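The form predicted alone is given below as one chain in structure tokens.
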Amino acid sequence: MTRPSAPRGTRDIVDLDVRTFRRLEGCAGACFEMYGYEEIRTPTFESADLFSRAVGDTTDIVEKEMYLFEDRGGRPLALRPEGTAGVVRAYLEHGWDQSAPVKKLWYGGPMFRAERPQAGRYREFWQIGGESFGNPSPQADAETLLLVRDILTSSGLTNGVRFLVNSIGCAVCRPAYREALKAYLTERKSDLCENCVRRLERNPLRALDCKGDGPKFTEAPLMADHLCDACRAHRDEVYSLLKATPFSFEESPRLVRGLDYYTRTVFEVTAPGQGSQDAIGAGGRYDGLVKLLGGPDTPAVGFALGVDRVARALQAQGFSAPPPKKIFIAQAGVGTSVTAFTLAQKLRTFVKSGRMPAIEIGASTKSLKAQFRAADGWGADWLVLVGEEELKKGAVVLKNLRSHSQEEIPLVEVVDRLLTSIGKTN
């Protein structure tokens, strides 16, 4: 019978990847708390209409990448392709727009897009993100960028990280830019890909974000030349605040985002180690989205980090999260079972306080040789042998499986000796 395998575009997250994920999630959670964010966990699926309204029906996500299905009641649902829409839905459903003038929420979990799998791009991928509602000030934009920096820095990712920042205007100034860009693209219509031709009338900004055609448009009109006074002042203050920190960033006048809800500040974060997919996160301001989904006119700004990609970047820089030290307790002979079991539990009390590594106890029904094989297969660093003859003397055998040494020691000294040995190896 053929062994089962994970669906294409998905994977099991194991070993170093799991440890790297945990490190990033832990660092992110601490940074979010420091910046006043509360955690939220939204459903992995929502009404399909939520994403088509929020993300934009001309985006690749809505047109080609969403996993759509109907439940038994015939209701159209979608696995979440991104996190912001669900958080905005929750913001409105819980009435936070009425009870909390400023609300900051962060989330983490899997997202789903039916993309072509490649290095650093999966159909099920993990994100960590944050959304801040109620603050229209450029300070909120700058604070969001600094929060992203602090998360990456605290996780250990510093080398080669770039922050690309731009302003894509608002509903007042973007229409004029849209027309200028449309005219530019129309002159080059014969060179556009099928997607860009289709979107030329409905959303020409999507062409700038096209992975195929986008790099060609080196002479396309710039949004910076069409910003209204309010958007220009907002952009300039964001830049001034970042420079006052100081914060290393690059003005990227051709940067747009692949989601329709963004206004004014947008940014992208890149890092080496991703191959052709060097973006590890992105975000920006989206002042019209809450109103678009049925709420009041509410300013908002947010971001998301690709956990898979940050993990790849960390590992490319040599980050290594070693597995915990492991102690295996083997047992052999009459009357050893209770001692082996209670010793394991005693050692585990130190695990809970963070002082000791993982503990495993050999099966009492297995031979000593089989238990030794189990210890090797598990990757144990130490083995404590609780044997019948040793117990008569109130002792056990402690084996260091890395140095291949062993000694007989009093049972009452096992915990202290292991603590000392682990402290030296750490």
Ligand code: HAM
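Keep in mind the model is a prediction, meaning the values are calculated, not measured. Each residue number is its position in the shown sequence, starting from 1.
Keep in mind the form predicted in complex with this ligand is missing from the figure; the text below concerns it.
Contact annotation: A100 falls outside 4.5 Å of this ligand in the predicted complex, judged by heavy atom distances. Within 4.5 Å of any heavy atom of this ligand in the predicted complex lies no heavy atom of L79. Under a 4.5 angstroms non-hydrogen atom cutoff, this ligand in the predicted complex lacks F249 among its neighbouring residues. Residue contact check for G120: one or more of its heavy atoms lie within 4.5 Å of this ligand in the predicted complex. Stretch 124-132 is the answer when you ask which of 199-207, 335-343, 322-330, 124-132 has residues with heavy atoms within 4.5 Å of this ligand in the predicted complex. In summary, among the residues V161, L255, A304, L241, the only one with a non-hydrogen atom within 4.5 Å of this ligand in the predicted complex is A304.
Between the options H226, R113, K182, R89, the residue in contact with this ligand in the predicted complex by a heavy atom within 4.5 angstroms is R113. Site residues Y262, A282 and R309 are all in contact with this ligand in the predicted complex, judged by any heavy atom within 4.5 Å. Residues of 15-36 include none with a non-hydrogen atom no more than 4.5 angstroms from this ligand in the predicted complex.
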